[in-house]
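As a starting point, one isolated chain is supplied in structure tokens, in the form predicted alone.
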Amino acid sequence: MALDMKTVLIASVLGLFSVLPLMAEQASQVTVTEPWARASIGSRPAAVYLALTNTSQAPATLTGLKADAAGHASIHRTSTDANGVSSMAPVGEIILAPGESIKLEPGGLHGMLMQMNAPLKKGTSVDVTLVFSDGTEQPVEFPVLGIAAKGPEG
């Protein structure tokens, strides 16, 4: 976001530059590829998947998700124990080192949309916003694939 001279002058007079981040874009510079979601059944939770790459020179921390289609959205991890029993638990945040890539995919990290307003239907899309620790938000459109989809190609 560019600063106009009036904003710079007012901020300088008020001494705000010491507390304002100069209103510069603090975008995490995270590239999103391969977004997709599975169709859901009724009001059951839905999952969203994608690949993230940090293209900046600083770490980027994904702290959460927001979605109008759901009453609650968060990041989860599925894990399987030695007996083959799968469980799922929320993940507080995902930290991406500079240049690092990570996939949110079935059986691992993924986004969970809970308290759905309506089921996700194949052929539609769902909008989800990625929320980063620096305050930036990145909207992502997730195409909804079939209920048995295993990846972004269907």
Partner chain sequence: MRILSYLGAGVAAAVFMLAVGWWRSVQTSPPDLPLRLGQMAFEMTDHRGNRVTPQDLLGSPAMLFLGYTYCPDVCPTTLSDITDWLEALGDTARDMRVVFITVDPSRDTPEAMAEYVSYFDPRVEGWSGTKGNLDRAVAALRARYERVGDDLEEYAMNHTANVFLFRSDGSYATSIDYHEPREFALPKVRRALNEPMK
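Positions refer to the first chain, counted from 1. In this text, all values refer to a predicted model and were calculated from it rather than measured experimentally.
The protein also exists as the form predicted together with the partner chain; that form is not presented, and the subsequent description refers to it.
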query	finding
Selected contact from 124, 101, 31, 115, since only one has a non-hydrogen atom within 4.5 angstroms of the partner chain in the predicted bound form	115
Heavy atom of residue 47 within 4.5 Å of the partner chain in the predicted bound form	yes
Any non-hydrogen atom of residue 86 within 4.5 angstroms of the partner chain in the predicted bound form	yes
The partner chain contact in the predicted bound form: residue 107, any heavy atom under 4.5 Å	yes
Residue 95: touches the partner chain in the predicted bound form, heavy atom cutoff 4.5 angstroms	no
Residues within 4.5 Å of the partner chain in the predicted bound form, restricted to 117 to 135 and counted by heavy atom	none
